[in-house]
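Next up is one chain by itself, shown in structure tokens, the form predicted alone.
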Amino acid sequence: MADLTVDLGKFSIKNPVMTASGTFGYGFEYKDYYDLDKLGAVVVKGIAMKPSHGNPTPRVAEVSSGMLNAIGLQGPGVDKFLNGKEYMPFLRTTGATIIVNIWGKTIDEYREVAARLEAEKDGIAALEINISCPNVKEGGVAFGTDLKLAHKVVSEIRKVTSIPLITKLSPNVTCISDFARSVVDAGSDMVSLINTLTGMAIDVETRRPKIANLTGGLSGPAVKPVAVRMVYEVAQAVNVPVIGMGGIMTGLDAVEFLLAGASAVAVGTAIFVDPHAPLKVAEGIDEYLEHHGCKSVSEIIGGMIR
């Protein structure tokens, strides 16, 4: 078996496979399937200062080679997350590496939730700053598609926390490398990408949108070629670890991202098909490394031959 350990600068993970925020709940929902510490990291669903009920239903629709979702960042709020027995108190008992995805409607809200988590950071390996959700009317992608706002929100969060920061980038921009450079300059220790592409589907019989929000975030195999290209571009642009995601269903899908320059990957939509998908992806990476005579996953990171 190859060494799957990955160095992410401020901390290491036992294998390069994480769960993508919003697809694995808060970990508690999957505790009966397997031990969470088998994963490289658990990235929890987005946390804001206050509870959020999300968007009206229907919020999910299956489409060609993927799915649309407009959940709208439904969540319990930071206080319940830190104190509710099925949230952070449970996660601290698992031995898993925990990354908390955070969001806000204003820069002040981003800063406040980061400060709140800093005050009780035991067991939190990193914060993933969500500036790229296309399914909320305030905040979210508004920050991820404006270079000055992206820089500002990260720099303000950096002022209030020593926890390593990962900024989750939006693909719904002209040049994603510019945004990667901006957030790294502002103090982000890593970047993750891509979040979902904005999409739409219509029921031709009812002539109504399949998503109540009208549009939703497209994920799944349909977005993988776009994601691989953007990961490659960003890995060339910044000198920090890159976490790649977007349509990863198998170990070989993940290997593409690693060869493109990602240090780690996140599995999302595949979890809805098979809860064991992240573990199977990690096994697939190991099988690839063994087949190619590699002793460590680090040997293939950024290893695409041009």
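None of these values were measured; they are calculated from a predicted model. All residue numbers refer to positions in the sequence shown, first residue = 1.
The discussion below concerns the form predicted in complex with a small molecule, not included here.
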*in the predicted complex, do P16, P241 and A260 all reach within 4.5 Å of the small molecule through at least one heavy atom apiece?*
no
Partner contact check in the predicted complex: of 89-97, 146-154, 159-167, 68-76, the stretch with a heavy atom within 4.5 Å of the small molecule is 68-76
Problem - Close approach of G104 to the small molecule in the predicted complex, 4.5 Å, heavy atom - result: no
| query | So in the predicted complex, does T23 come within 4.5 Å of the small molecule, heavy atom to heavy atom? | reply | yes
Any chance G246 has a heavy atom within 4.5 Å of the small molecule in the predicted complex? yes
query = Looking in the predicted complex, any heavy atom of V267 within 4.5 Å of the small molecule?
reply = yes
Checking I194, L127, A235, V113 against the small molecule in the predicted complex, the residue with a non-hydrogen atom inside 4.5 angstroms turns out to be I194
